[in-house]
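Heads up, the chain below is alone and in the form predicted alone; it's given as structure tokens.
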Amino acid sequence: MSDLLIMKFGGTSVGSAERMRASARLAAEAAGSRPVAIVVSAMSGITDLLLGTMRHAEAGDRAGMEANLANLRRRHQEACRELLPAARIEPVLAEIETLAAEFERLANGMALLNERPPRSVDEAVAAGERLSALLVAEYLSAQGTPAEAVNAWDVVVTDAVFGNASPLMEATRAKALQRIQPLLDRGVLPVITGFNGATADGRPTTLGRGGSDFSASIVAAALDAAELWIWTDVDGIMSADPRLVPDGVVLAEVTYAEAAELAYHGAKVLHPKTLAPLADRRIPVWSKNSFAPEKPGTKIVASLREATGARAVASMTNVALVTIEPASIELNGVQVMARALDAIARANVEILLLSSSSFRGNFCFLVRAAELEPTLQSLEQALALELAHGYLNPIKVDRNVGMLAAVGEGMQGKPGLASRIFTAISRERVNVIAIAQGSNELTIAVVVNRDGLEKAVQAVHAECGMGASRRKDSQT
């Protein structure tokens, strides 16, 4: 459909009966003039609750399991009673119980095994989105907009990498046309579960970090949508985290590449992989605030009419810097790096920044703090011989760091920009620990001591003229 609009509602946008009503109203209003399909996350906090329940199950903690299961039922039952007319409450409560019982059965299986098989985790954690889709679809229908909950297991076809699956787009296109297109043709609004899919032979999977947004982009690409609107709880993509930089501004437009870089370096925007299916088909994306839908938001497009240099600065705090250093220059540093990177890849860990030295062959890289343990385990296993015999110095870890990244399409070919950024940071007496710049010159990333991160972000934001006050000055 040439005018198809896909809307994605995040966890806070469907986090309560009140927010579900507001989100459904946005979808219904749009559906009055064009075909619409929506993708929903689990209610805010529910995915963590489900994962926590499975951890209790693995540990044999029945009391923890039961408390979480009661909370799962309570939140969705309360939302059901607040949302729906009396005639629909009992039938929908029965469906909620069916889904909750299905999750409980899987959790009990984990308790018996004292483990959480990745395949079972993927099947179980989808309960959050399935419950959310059920409630939103029922509310829409009760308000006069025909809607149907659709399990993404029946739409998004993936490989079998449980926990971090990738879509198989041609197979997904065929399934989407088979499952979603008939609903649209009948004037029914599909409410599709985010975050999950299934292998070609029907085994449930999840799409990893940023999976719900990724689901929406997959569906949009598979159905050749005209637009994708991502509804969150922020006004759009900002020039900096407003908690760190009070005069940060919402960017009217960013490119796919800029949005991906900002997300990769910690900005609360779309996950980088979300944009890949859309960029290929040049489908524009809007990042909008469901709590303030009157605000214009940010449009993500293929290119800008004018690239003006560094346009935003992203930052991350929950990170750790890992350093590997040969004890002798006779050890081939390139080979050590290759083996280390291979070990990290096998641990399914994402490297946020990599910096190396040409003399001793030492190098450092940044990972999320939550992924530090599997990173070190994999490295120590891969480099056990060199570490045991002293060919490598002990692996160093610095947890007291943060990262910032200046991002902008117009940075390429700007003489002195890197120098200005480092000078601005040094003026605040913040020490630069490591730096990295991509070959496309879209991003300059810097690691600093965590205590100095906020000052460094503010300094770079001001130096590059990203703030509201500096922009006003430049226009006068």
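Everything quoted here is computed from the prediction, not taken from an experiment. Definition used throughout: the rigid core is the maximal C-alpha set that superposes within 1.5 Å between two forms. Residue numbers here begin at 1 and follow the sequence given.
Unshown form predicted in complex with a small molecule; subsequent notes refer to it.
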query: Stretch from 217 to 225, 263 to 271, 393 to 401, 334 to 342 whose residues place a heavy atom within 4.5 Å of the small molecule in the model of the complex; finding: 263 to 271
query: The small molecule contact at Thr172 in the model of the complex, heavy atom, 4.5 Å; finding: no
query: Exercise: Pro190 in contact with the small molecule in the model of the complex, heavy atom 4.5 Å; finding: no
query: Asp241 within 4.5 Å of the small molecule in the model of the complex, heavy atoms; finding: yes
query: Residue contact check: Pro204 to the small molecule in the model of the complex, 4.5 Å heavy atom; finding: no
query: Listed residue that, although the small molecule is not shown, lies within 4.5 Å of it in the model of the complex (heavy atoms), from Ala79, Ala107, Leu278, Val234; finding: Val234
query: Core superposition between the shown form and the other one, C-alpha change of Met316 at least 2 Å; finding: yes
query: After fitting the core, Val457 CA displacement of 2 Å or more between the shown form and the other one; finding: yes
